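Just the one chain here, the form predicted alone, laid out as structure tokens.
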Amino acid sequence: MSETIRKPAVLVTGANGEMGHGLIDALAEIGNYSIIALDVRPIDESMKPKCSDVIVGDILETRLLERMQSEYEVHSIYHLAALLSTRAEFTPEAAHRVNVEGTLNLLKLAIEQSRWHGQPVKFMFPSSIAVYGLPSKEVKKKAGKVKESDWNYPATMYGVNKLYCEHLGRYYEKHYRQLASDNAGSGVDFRSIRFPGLISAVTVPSGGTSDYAPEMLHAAAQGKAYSCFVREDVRIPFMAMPDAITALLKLHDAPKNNLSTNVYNIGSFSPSAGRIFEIVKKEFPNAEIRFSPDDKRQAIVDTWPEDVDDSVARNDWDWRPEFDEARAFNEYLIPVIRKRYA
């Protein structure tokens, strides 16, 4: 860690992941932030110059967080670290520790930071469409665009963890120690986005159950055969990674009195797996892609909505995706991925 004490800073956990890369790039470009990057793995060398400090460590290490408490002045936390959906199903207890206990540790850090510098700490929490659990393909088709309050019956440990942490964040902001005689609030300003499947051209997918879309693209660009683990007719909402980063920053900067809730859906486009296949084959005619559904992973995807209703985000903080399906593939994903593997 740097010897500089108590720098006003933004903490990014899970900094070495897909979203972490994009977020740090954006924060560095804005230039108003001292960025602390935290990840269990050493961060990519290309990212280090954009950060004030880079910490290799675990959000479950309370001693590490105590040291951070004494060394930094954190005004915003972007808590991206998580054990993703596919891995979480193999190790649900470990997923609970990382996804829930890790979030709790960071909420406590936010409270202490707010007490120290006297301002609310914004706690940005990426949630997921995995919080939804529709009971059948027929219900999923009939449900159409799902609202935040609908079908909150997750079928995965990852979804359970995310839904619980949404409630945890809401509690810490609105009801923390509500019966204590010295209760003065927590100082946590909790803001969460339920992201759809995210597709990045810059980083390789790493264990999400929605990753069949980016995996298809990256494999085709490398000339590798790919076996898609869902049916052709499956639909869930997707989003280009730049829009996800824009949404996080936009919600972070939104005036608090504009926000009617702590948790927001956002959407962009919702193609079937077959439609993604068509787009990829058009651009990479020699791509070897076949559909070989994995019944268990397929069953998980079937519990997620075909699309989401993001009208509350549009009304509260003027959410608008920049990348629809055509722009996402033609202007971002395909050209950048082509260049990556050229």
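Since the model is a prediction, treat every value here as computed from it, not as a measurement. When you see a residue number, it is the position in the sequence shown, counting from 1.
Below: the form predicted together with ligand AKB, not depicted.
Proximity to ligand AKB in the predicted bound form, defined as a heavy atom within 4.5 Å, holds among Leu80, Met239, Leu84, Ala247 only for Leu84.
With the partner omitted here, the residue from Ser268, Thr103, Ser210, Asn265 that has a non-hydrogen atom within 4.5 angstroms of ligand AKB in the predicted bound form is Ser210. Listed stretches are 109 to 117, 219 to 227, 128 to 136, 147 to 155; the contact stretch with ligand AKB in the predicted bound form is 128 to 136, by a heavy atom cutoff of 4.5 Å. Contact residues in stretch 304 to 334 (any heavy atom within 4.5 Å of ligand AKB, taken in the predicted bound form) are limited to Trp304.
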